[in-house]
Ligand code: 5AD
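In structure tokens, one chain follows: the form predicted alone.
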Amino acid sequence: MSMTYYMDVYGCQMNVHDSEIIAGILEADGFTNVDNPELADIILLVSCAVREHAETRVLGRVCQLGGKWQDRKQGGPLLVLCGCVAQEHGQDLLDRIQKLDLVVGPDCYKDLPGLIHNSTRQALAEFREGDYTGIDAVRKRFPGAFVTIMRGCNNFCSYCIVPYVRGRERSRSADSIIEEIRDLSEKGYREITLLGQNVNSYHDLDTSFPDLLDQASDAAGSAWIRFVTSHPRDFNIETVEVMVSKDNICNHLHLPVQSGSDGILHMMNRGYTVDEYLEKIRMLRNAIPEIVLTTDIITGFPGESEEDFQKTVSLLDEIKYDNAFLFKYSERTGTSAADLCDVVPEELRLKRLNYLQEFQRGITVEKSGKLKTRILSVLVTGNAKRPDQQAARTRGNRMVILQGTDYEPGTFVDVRITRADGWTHFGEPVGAKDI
């Protein structure tokens, strides 16, 4: 009888795809997935360490699950923590949490079957050069699919723990990536997202990211191509030219700016100025007027004055992003920013965050409202929260809710936008499209 596993995932798209890779590794060894932790022999949690809140959540879940079974020998499941928190703390987690059985970092997932069968409490959190090419991932997001093109990061932004828990950059071979994309397209996937901590620094022999993007577009056939995340320092005109030349590359770019102050950007070690960032935005909008722009911003970084904060507000007002992911600064032990002395009080961080959220929401509502009566092409992704609704995405990655439809996931449909509620839109079909 095969062993059963249950998995919870926290954090970014990379973690989501890592969970699909873990599932592929386990199921190739005979494990069977269940959707209820009460029925599982093994419970795995894939963790995120980017912000303190994310780490606290997953460790709280570990303790909650561990408390359900006082003694694994009396029928409780094996409890496994994977991902960035596992890499960050390693053996210390086993010392602190007695109900935790295994701690496994992002480069060590191929060892999971052996570690589980061995049933010895162990932490395995070492950096390795290889990737997971050749693993048959168990994909959960049809008609969308993630393809990891690189792992790790070399940027060492002063606030970011990623290089310490994901290791240094290493790019997959272009041939293996293109083969995976072609296979996904042939299997009917209609939205393929290229993943990397900084996709723009991808490099395999003579293949740069623009070269890879061009080849990926051809291999995808009728499937849409997206990519995240882009670093402003490395984003270039060659990438924009490929986006313009290929119909199936989506007109959406996520370009994290983080702050509107040159002084704060310097302390963050971002490697660009506000003017340099704005020049790339102008370049992009001149080439693709319909581009949908999103960003990340951190407020309350150490040393952020009221003047620095107002510069960020002014940048939001000038660029008018379609949407923004806004965060208050979170100290991460081991990063250089954690040693900075000019700490912004927590209350002020939260106050500034709330202001930015309201400010950006006004921009998002205004821009989304202008889409009313527009006809846009959407990809139906599946059921929405309500049983009489379906969810879809535009090329610009906007969520669209369809009422009373029954399309197969993976269908492209032209819809007329009837209204918008912030980033969520509502549409009426005007005809299905053959693909």
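Just so you know, these numbers come straight off a predicted model, no measurement behind them. The numbering used is simple: start at 1 and walk along the sequence shown.
Although not depicted, the form predicted together with ligand 5AD is the subject of the following passage.
- Between the options 77, 256, 210, 260, the residue in contact with ligand 5AD in the model of the complex by a heavy atom within 4.5 angstroms is 256.
- Think of it this way: in the model of the complex, ligand 5AD has a heavy atom of just one of 159, 202, 227, 277 within 4.5 Å, and the residue is 159.
- Note on the interface: of 322-330, 303-311, 178-186, 286-294, the segment with non-hydrogen atoms within 4.5 angstroms of ligand 5AD in the model of the complex is 322-330.
- Although the partner is absent here, residue 50 lies within 4.5 Å of ligand 5AD in the model of the complex, judged by heavy atoms.
- Though the partner is left out of this view, residue 104 does not reach within 4.5 Å of ligand 5AD in the model of the complex, counting heavy atoms only.
- Using a 4.5 Å cutoff between non-hydrogen atoms, residue 298 counts as a contact of ligand 5AD in the model of the complex.
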